[in-house]
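Coming up is one lone chain in structure tokens, specifically the form predicted alone.
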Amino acid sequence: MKEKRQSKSIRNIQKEKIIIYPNGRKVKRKIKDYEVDMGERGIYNTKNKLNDLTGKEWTYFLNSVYITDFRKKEEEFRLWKYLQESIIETKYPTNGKESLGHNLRKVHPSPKPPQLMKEIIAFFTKSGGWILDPFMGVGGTLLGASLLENRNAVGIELEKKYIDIYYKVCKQENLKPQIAICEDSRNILKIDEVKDKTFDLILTDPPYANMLSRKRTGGDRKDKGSFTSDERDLGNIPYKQFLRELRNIIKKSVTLLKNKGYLVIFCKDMQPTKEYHNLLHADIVEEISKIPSVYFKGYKIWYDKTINLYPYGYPYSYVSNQLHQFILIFRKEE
């Protein structure tokens, strides 16, 4: 009996291993009795019935933007260069001066990098142009406008604490404060600072239904929570209702947009379910295209390399690591 207990305790001794993922993230973990250390390849799970990949290799394949080495295939390389023009690949700093106040902005569940917003604003507006963001959050659009010479922006946000954070970032980074209004965007045509202006660009990232409040599974179990506790928040309503509400707010907003001005919307797809594909970008294009005089012109893909990779689904099934967002581009053509 004593020998059996001793052998059992020996089997339960778990080795520790440091796994380095493709994005450089290091994870220290214990190897379980159904796992095999494959050296630099990572850890293989013997329950894996789909393929011979380790968790590390599995994670790399799930990357929604798959970068391939075409150095020895010239024809494919030329095609890749062409396709790459639709992909924005970034890894903006999240620490230090170059992070542009990320230490404050990170309170928001989905802050947009001002550097990226600057590039979009620079493309779609001229000097002296006005930009509108009906869902400003912590002010990524407004900060992007201030990074350019002679741009003006107005942001509308339901949650006052996000506006307060925006102004703290402006002070910390010594950037020109733009106009930030605490209000429900449903009332956009009643807001004095907005209703009589003509905007050159609408640039925004709406809260997408109750996406953030859904239970998380897989490697990333960090609960980001909802944007606000306000029942009016688009981030607290069911998906189909969200689509209708978003269309109505954008419909009001584009009445303030100049003819041939652009509407640019960020969105990220949700994981598909058996009931629905959850391709948000497709649903949003369909919904916004119902607005008279607003036409879909295409999209760019933003590949955010600061997001961590996780071995979702391992070792049972494929679950995509969605590191990309869609930048949907519409034009007002009366």
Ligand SMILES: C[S@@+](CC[C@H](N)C(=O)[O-])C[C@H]1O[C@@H](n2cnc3c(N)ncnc32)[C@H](O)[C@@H]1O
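Start at 1 and count along the sequence shown; that's the residue number. Computed from a predicted model, the values in this text were never measured in an experiment.
Although it is not shown, the form predicted together with the named molecule is what the next lines describe.
- In the predicted complex, L158 approaches the named molecule with a heavy atom inside 4.5 Å.
- At a distance threshold of 4.5 angstroms between non-hydrogen atoms, L234 is in contact with the named molecule in the predicted complex.
- The named molecule is not drawn, but in the predicted complex it has no heavy atom within 4.5 Å of A145.
- Among residues of the shown chain, H108 is one whose heavy atoms approach the named molecule to within 4.5 Å in the predicted complex.
- Residue in contact with the named molecule in the predicted complex (any heavy atom within 4.5 Å), chosen from R186, K168, K195, K176: R186.
- Of the candidate stretches 145-153, 251-259, 199-207, 94-102, only 199-207 contains residues with a heavy atom within 4.5 Å of the named molecule in the predicted complex.
- The partner is not shown here, but in the predicted complex the stretch 120-151 reaches within 4.5 angstroms of the named molecule through a heavy atom at P134, F135, M136, G137, V138, G139, G140.
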